[in-house]
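Shown below, as structure tokens, is a lone chain in the form predicted alone; questions about how it binds or moves come after it.
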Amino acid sequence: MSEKHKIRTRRSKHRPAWVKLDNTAILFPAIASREMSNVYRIAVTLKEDIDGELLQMAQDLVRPLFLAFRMNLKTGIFWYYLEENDRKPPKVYEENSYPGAYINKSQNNHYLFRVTYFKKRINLEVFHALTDGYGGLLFLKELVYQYLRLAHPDELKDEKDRLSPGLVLDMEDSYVKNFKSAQSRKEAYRSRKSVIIKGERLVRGEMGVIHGYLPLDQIKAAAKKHSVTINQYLVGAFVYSIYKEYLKGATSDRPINLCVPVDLRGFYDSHTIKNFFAMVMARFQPEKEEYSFDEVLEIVASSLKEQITKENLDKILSYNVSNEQNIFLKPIPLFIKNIAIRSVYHATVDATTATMTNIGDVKLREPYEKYVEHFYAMLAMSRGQELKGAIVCYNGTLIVTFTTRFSDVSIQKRFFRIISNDSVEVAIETNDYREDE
């Protein structure tokens, strides 16, 4: 096992390790609330019911090996920071709330994640200041491995109670490491007010969830038919669904701006377990009557191609880091920074219509694959965004999950109907039932 902790730490008998928040994580504590939790979920469904006691044991064995998941959020004079948490491990319990609920630190022994279960499903929920989907998935996979070793000691007797060979748990701030020079906001971003979806909302605290199960080979064929990547295809279908169901195919003086997080690790040769992603926008503005799906897809794919380049990502990264490193901002007290961060955030939320993130293709080690059915990802709501999508692929099945606070699900239905019309077999599962389309 290789474990690198490139963090700024101070250790003594009386003071645990501490680390600065990464550039993206700075935002989340300033804006987090019960209505906007900034908590995401990555879940896994096994082929057997979960034993809660064994899951608690598995968490207690894995958590100490992940420094990132041993951290507590602390408030400094000028910035938030993470400090090693020496409290009892958080309690694993049967799921009793909707996905992405606010994590109350005082009720969670000051840990920034929680593990719950329901029937065959294990849920990992993480406050985004801790890590992004990459780090969350690493932790969940090791948790699953450890749980299965406890649940099947005879079948997995050759597996040791340790982390996977070659696993790198790097805690460097890859934003700062790859910062080159300051970029102007105009060079880094081109934001403008977007279409904001509104409608009748569910009861406060509730969240609607729809999973769509799609055969990977059929999705590949559908994307290839349209000469786009799978990600471009799914993002384009989401944009087109908003255009047809919310705008009713009408022209608009505002664009549909779909936020697409981009994992930066592959662009900068990073293995950090801290946040390391950038946001790009899939843009489409209907300026004429009646666009076809192919027309919208071409516009969206072109928009993503233009933005997901090393040159453009350099500009976004450098602009974001330059703001954090501004020498005039550093000595300003944290409470004033928080007011400014919230003000800027609230002033820019109307630039995004919705979000769709792609966690990628999950691979498990061979001895464990046969015990696992599916992986999922779910995003909590944020101000101005009451509908979000998340994509995960495992073992030949791609699962698109929509989370929403709206009672109307016409956009989601249109999305899966578009895909079904491209000869893809779509199976749907909601909070309450599952059906085939």
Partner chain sequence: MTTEKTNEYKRITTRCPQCRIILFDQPEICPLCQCVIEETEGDDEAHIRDLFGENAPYPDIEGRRKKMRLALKVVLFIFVVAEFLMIMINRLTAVNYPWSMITGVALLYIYLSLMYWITYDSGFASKVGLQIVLTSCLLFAIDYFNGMRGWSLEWAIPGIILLGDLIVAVLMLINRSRWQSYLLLLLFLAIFSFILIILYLCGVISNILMPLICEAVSFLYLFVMILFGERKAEHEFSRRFHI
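Residue numbers count along the first chain shown, from 1. These numbers come from a predicted model, not from an experiment.
Although it is not shown, the form predicted in complex with the partner chain is what the next lines describe.
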query: In the model of the complex, residue 172 touching the partner chain (heavy atom, 4.5 Å); finding: no
query: Partner contact for residue 370 in the model of the complex: the partner chain, 4.5 angstroms, heavy atom; finding: no
query: Contact flag, residue 426 vs the partner chain in the model of the complex, heavy atom cut 4.5 Å; finding: yes
query: Interface membership of residue 105, the partner chain in the model of the complex, 4.5 Å heavy atom rule; finding: yes
query: Candidate stretches 381 to 389, 62 to 70, 404 to 412, 22 to 30, one within 4.5 Å of the partner chain in the model of the complex by heavy atom; finding: 404 to 412
query: In the model of the complex, the one of 74, 342, 162, 193 near the partner chain [non-hydrogen atom within 4.5 angstroms]; finding: 74
query: The unique member of 309, 181, 97, 251 whose heavy atoms fall within 4.5 Å of the partner chain in the model of the complex; finding: 97
query: Non-hydrogen atom within 4.5 Å of the partner chain in the model of the complex for each of 90, 134 and 244; finding: no
query: Those residues of 68 to 89 which, in the model of the complex, come within 4.5 Å of the partner chain by heavy atom; finding: 74, 75, 76, 77, 78, 79, 80, 81, 83, 86, 87
